[in-house]
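Presented below, as structure tokens, is a lone chain in the form predicted on its own.
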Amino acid sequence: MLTRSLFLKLLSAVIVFGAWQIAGMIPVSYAFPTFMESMDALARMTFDGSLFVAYGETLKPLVVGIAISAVLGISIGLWIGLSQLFDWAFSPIFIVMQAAPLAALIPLLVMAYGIGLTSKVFVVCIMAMPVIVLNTSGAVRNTPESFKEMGASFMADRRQIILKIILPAASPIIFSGLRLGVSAGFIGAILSELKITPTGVGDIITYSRSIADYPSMYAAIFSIIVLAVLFLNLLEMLENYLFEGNNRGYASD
């Protein structure tokens, strides 16, 4: 049975794709293909295998960068959230990283680490990690004091309070930060392929643009959006499963 939420999502997709088709038929620009032309190019790249080969390259820095960002980001965020001294010392760094145009740092990364996998992983990390760190630290810092006082009243030591009270209470927001970090990581992975060296899906976008094959260019961009949306929906489903009844995004719920 079609749920209301799913119906609204499908309706939204129909409206967006319909507007895309109409805009391409007008056309609003010679470089703007119709939705059907882009889907035809997407099907062609899928069936000839070129899209899978491209994603094989794109997913390498993305997976490695997200894994590093998740582990380090959550660890640093916990560290900052539990210590006022470290909060003062390190929070401004990640706030600046989140606000700064990090794409400007890519030439420096290329000079330091070359044009290989290492630079691309760094780009993913600098895009994803600030979001994860700040969400984690904020969730830990804003854990209700009443929870901690209750633990102390039952003679819990600091380690037990952290593991059994603070982390469970902060977990929904930490997980939400992880989802946002993954989203930023997708942006970083494609940005690295466009700015460092054209490989993977970034190569398809760059090459298609250079030969004016705009349907293929838009098809590659569309595939990135679809993959990111599917992955984020899977993470959201996992979050709802793990934190059922406490998934509104507030540690005090």
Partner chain sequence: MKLFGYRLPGMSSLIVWGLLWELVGQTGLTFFVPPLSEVLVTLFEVIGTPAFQKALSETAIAFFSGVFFAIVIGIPTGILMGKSRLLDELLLPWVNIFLSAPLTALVPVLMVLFGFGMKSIIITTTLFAIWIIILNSRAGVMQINRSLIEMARSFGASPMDAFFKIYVWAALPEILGGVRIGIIRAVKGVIIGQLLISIVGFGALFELYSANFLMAHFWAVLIVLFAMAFMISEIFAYLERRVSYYAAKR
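Residue numbers count along the first chain shown, from 1. Please read these numbers as outputs of a predicted model, since none were measured by experiment. We call the rigid core the largest set of C-alpha positions that still match within 1.5 Å between the two forms.
This protein has a second form, the form predicted in complex with the partner chain, left out of what is shown; the following refers to that one.
Partner contacts here mean any heavy atom within 4.5 Å of the partner chain in the model of the complex, and among 170 to 178, 72 to 80, 134 to 142, 92 to 100 they occur only in 92 to 100. Candidate site formed by Ala104, Ser183 and Tyr214: every one of these residues places a non-hydrogen atom within 4.5 angstroms of the partner chain in the model of the complex. Contact check for Arg209: a non-hydrogen atom falls within 4.5 Å of the partner chain in the model of the complex. Contact check for Ile225: a non-hydrogen atom falls within 4.5 Å of the partner chain in the model of the complex.
Residue contact check for Leu191: one or more of its heavy atoms lie within 4.5 Å of the partner chain in the model of the complex. In the model of the complex, at least one heavy atom of Ile187 sits within 4.5 Å of a heavy atom of the partner chain. Contacts with the partner chain in the model of the complex, taken as any heavy atom within 4.5 Å, map within 10 to 24 to Leu11, Ser12, Ala13, Val16, Phe17. Core-superposed comparison between this form and the one not shown: the CA of Tyr214 exceeds or equals a 2 Å shift. A movement of the C-alpha atom of Tyr55 falling short of 2 angstroms is seen between this form and the one not shown when the two forms are aligned on their rigid core.
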